[in-house]
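One chain comes next, on its own, written as structure tokens: the form predicted alone.
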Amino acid sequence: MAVVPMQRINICALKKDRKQILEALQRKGVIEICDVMKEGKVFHKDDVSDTASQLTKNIQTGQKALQVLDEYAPEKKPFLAFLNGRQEVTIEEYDLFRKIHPSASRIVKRLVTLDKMIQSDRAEITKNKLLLEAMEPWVSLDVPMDFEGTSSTSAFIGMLPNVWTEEKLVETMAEYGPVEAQIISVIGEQTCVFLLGLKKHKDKIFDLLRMNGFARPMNVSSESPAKQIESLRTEIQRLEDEIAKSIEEIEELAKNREMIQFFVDYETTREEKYEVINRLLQSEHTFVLTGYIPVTEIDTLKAFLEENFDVDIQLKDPSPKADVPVLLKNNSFARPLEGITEGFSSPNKEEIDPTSIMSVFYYMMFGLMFSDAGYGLLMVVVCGLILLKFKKMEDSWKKNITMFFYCGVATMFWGIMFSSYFGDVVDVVSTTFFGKTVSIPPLWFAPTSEPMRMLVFSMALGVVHLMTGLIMKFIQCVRNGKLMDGIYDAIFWFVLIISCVFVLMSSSMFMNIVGLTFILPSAVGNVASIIALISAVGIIVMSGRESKNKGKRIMKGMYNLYGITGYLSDVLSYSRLLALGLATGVIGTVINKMGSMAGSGVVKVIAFIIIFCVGHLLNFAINALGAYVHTNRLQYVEFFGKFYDGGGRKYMPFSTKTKYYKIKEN
């Protein structure tokens, strides 16, 4: 339960060592570089934004090249390959890439060019196919589409709406005859026509045709439609052959996939370095770097830099107003839940890291909501095998899988306590297939048989959870030198809630409702009532202590005391432990019952196995998701709401944020 202390670090070194120092700091990833120093007459910032922009463009081009390979030459990866983590390379291998960088750049650009060629060819094919489709109705026309007639005649080539015959067309044009009409084709409700009339009647014939909806073709050519169609088909085939050659070349270039991935990582690393250079203060011969470093890394980094370079390193504590980044550090049990805490917000400078305390409740509550030993065993086995097999997986994945491993252990524990093994599969299988009922008794009780007992336990756990939050608030206040604030805002509420619990436990009516057999003596209830009253008065008097007006102070205190209804609501929220726990067990029982009702003999066994596997897989997925979501909610709303605001800034060191390769220190 710790936030690693940070110190401000200033490094001044020779400019000739800038590249080596920055690359070393980037590989070590222990300094978050911050811009706090201002430019002056001696120190200034170099503008390397053009180089950084070019590197950004190179990264985008490399990523596009990989997308092209994924589309036309996809890589066959084994299942769960993403858990293998990034491939490690030495510093020497990284530095040697400089020699093949030009070659990699050419391959990347060629892949992008080939993709553009393919897209262009495909667009041209689409265009030609549309032209081909438009020309096919005119295939029997033996004159060019732009034919306008002879010296004494005028030709009209186009389309008329509706279905026409040659006789009807000649009859329509009779007053301007003689005319020659030919129906080329009929497509749906359109008729393609060729009409030849006297040149002296050209305008009148055209006006009459236009009155009947005549339209000339959009694409005309000096070639006959048949030749034009043949040319289009030839061009389409040529473009398809060109696409095939481009794809073949892409497939050949796919053997350079790893080089391209390294190219992307290499340029990404350089881009990050140049972004830092763009912010560094530099003189003619020196440069200055400032930032934050965890105190645990100071000695190692200082020894390395002083041994290899001429540097001046200055360390000092951050000022109280400084925006210091937050780095969490927890034991192996709590570390997997750091992402849950950071998902809400990193702790601010006045708060302690709640992850360790939260981890105990988190695993316990997840297990209570899932509460099936079979499901828990499945989680433990799967997560355990993944952790054993993929030892180099990324830290974020490792944390998540380890978290679900511990959640599986908790699920197994509560499943055994409540006797839930894939629902009641032991009872159903023994009764259905062996004719004798065999049951595994719960080590504590079965929630499906005693739901009220489970509800009481859930709410009792909720009270403990909430009170732990108040204790955390008190500890934070003491840690920040605000003891009286801790007493007024945490201890008073803690005493009030616990006293109310004792008052309820001394009431026979309440104890009968919740199904508990023991009742505290009435004297205990009376003493608890007095203590609760004193605490309530303390809350009323001290909650508005910042106000000098006594009336406003009392009114604000009474309003804050009304917040006890919020505590009641919070306690009731823990009934979801009962609801989700029962849902898992009841649905599992129903699935087993459905499986036992199917057929007889061998068919019954097969049907039971199928229904069991499919049903429990769905039940596992749905209720595991529900347990995860609601466990997070109980931490964020009920637990964190009592003491934790967050608002801290996560520690983001200058490091190699690569995607495919990890640089390994010697």
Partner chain sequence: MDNLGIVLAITGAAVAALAAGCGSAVGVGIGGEAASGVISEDPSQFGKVLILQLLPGTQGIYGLLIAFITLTQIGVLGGDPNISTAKGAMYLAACLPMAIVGLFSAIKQGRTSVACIGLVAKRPDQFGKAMILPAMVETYAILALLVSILSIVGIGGMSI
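Residue numbers count along the first chain shown, from 1. Please read all numbers here as calculations on a predicted model, not as lab measurements.
FYI, the form predicted in complex with its partner chain isn't displayed, but the following is about it.
Interface residue remark: R576 is counted as part of the site for its partner chain in the predicted complex, having a heavy atom within 4.5 Å.
Residue contact check for Q54: none of its heavy atoms lie within 4.5 Å of its partner chain in the predicted complex. At the 4.5 Å threshold, heavy atoms of Q67 stay clear of its partner chain in the predicted complex, well away from it. Shown alone here, I622 lies within 4.5 Å of its partner chain in the predicted complex, counting heavy atoms only.
Comment: its partner chain is not present in this chain, but in the predicted complex one of L580, V112, M417, V503 has a heavy atom within 4.5 Å of it, namely L580. Taking F433, F344, F333, F510 one by one, only a single residue has any non-hydrogen atom within 4.5 Å of its partner chain in the predicted complex, and it is F344. The stretch that touches its partner chain in the predicted complex, counting heavy atoms within 4.5 Å, is 629-637, out of 27-35, 602-610, 629-637, 54-62. Residues P451, M452, L455 of 451-470 are found to place at least one heavy atom within 4.5 Å of its partner chain in the predicted complex.
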